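Only one chain is given next, in structure tokens, and it is the form predicted on its own.
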Amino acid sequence: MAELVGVFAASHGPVIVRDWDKLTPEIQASLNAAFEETGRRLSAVRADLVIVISPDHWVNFFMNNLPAICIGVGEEHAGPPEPFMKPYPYMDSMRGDPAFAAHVVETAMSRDFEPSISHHLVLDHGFCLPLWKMKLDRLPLILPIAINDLEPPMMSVRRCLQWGRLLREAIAGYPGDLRVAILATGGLSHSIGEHTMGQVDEAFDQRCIAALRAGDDATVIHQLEDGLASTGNGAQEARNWVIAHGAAASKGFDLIAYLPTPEVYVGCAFAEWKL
């Protein structure tokens, strides 16, 4: 039977690799330490497959076709197309598990969830940057799930929690011998293309972290539904964290690091949920 062996989250942001050499040694060291500790923990659970939850940054979808959620069900996934993501070390080795992916989709449909699917999903920096920076000892199989965190209407925080529960159920119901981890990427507070770009909303981030750490679903829903409306547009990626939170049965988490870093535009955060 499949087993959920770890649930993690890590921020992403183009500047973390695109302008890496422009960051101070202190910022480089802090970010490296946070990514690598998250990677050490992910490697330690010996996952055969990792479900990576991230937005699609206008690579696979645009305004004429913008699904709320899309599951990549292909045998392999194309690597990041952004020039700043080269040389990405896993460009030719991001393989999927179609049988497990089909099971997740079938479980979702049987429980009145209607995801989109893609047999040829291209994984951009949101998916790939944390995998790269975490310096994993090996890359597991990948089940990518693209969440619309970019443009309204978006899934409610409550629905994100339900999706997390659904993923937990799907993993538990898979008959194959598979060790599964979840990695939510993105967030916390940041703005892209807005007048607040470069500002980090530390107060929102701390409320978000406190709510997830406490594990109470009502508090998570209240804090994020209210807070996401008044902080930067990039903070919408906290929905990915909520899905991970739901998959971990809302048991709270260990905050690996919180690094409010205006130099990369992001309130960078890293966490492991308790299972």
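Note that the structure is predicted; figures quoted are calculated from it, not measured. Start at 1 with the first residue shown and count on from there.
Form predicted together with another copy of the chain: not shown, discussed below.
Heavy atom of each of 61, 64 and 112 within 4.5 Å of another copy of the chain in the predicted bound form: Affirmative, all three are within 4.5 Å.
Stretch in contact, per heavy atom within 4.5 angstroms of another copy of the chain in the predicted bound form, of 168 to 176, 126 to 134, 201 to 209, 148 to 156: Looking at the other structure, the answer is 148 to 156.
Residue (of 228, 45, 70, 27) lying close to another copy of the chain in the predicted bound form, criterion heavy atoms within 4.5 Å: Checked against the cut-off, the match is 70.
Proximity of residue 86 to another copy of the chain in the predicted bound form, heavy atoms at 4.5 Å: Flag for residue 86 set to no.
Touches another copy of the chain in the predicted bound form: residue 141 (any heavy atom, 4.5 Å): Judged by the heavy-atom cut-off of 4.5 Å, residue 141 is well away from another copy of the chain in the predicted bound form.
Distance check, residue 116 to another copy of the chain in the predicted bound form, heavy atom within 4.5 Å: Flag for residue 116 set to yes.
In the predicted bound form, residue 105 touching another copy of the chain (heavy atom, 4.5 Å): Close contact exists here: in the predicted bound form, residue 105 approaches another copy of the chain to within 4.5 Å, heavy atoms only.
In the predicted bound form, residues of 239 to 258 near another copy of the chain [heavy atom within 4.5 Å]: None of them.
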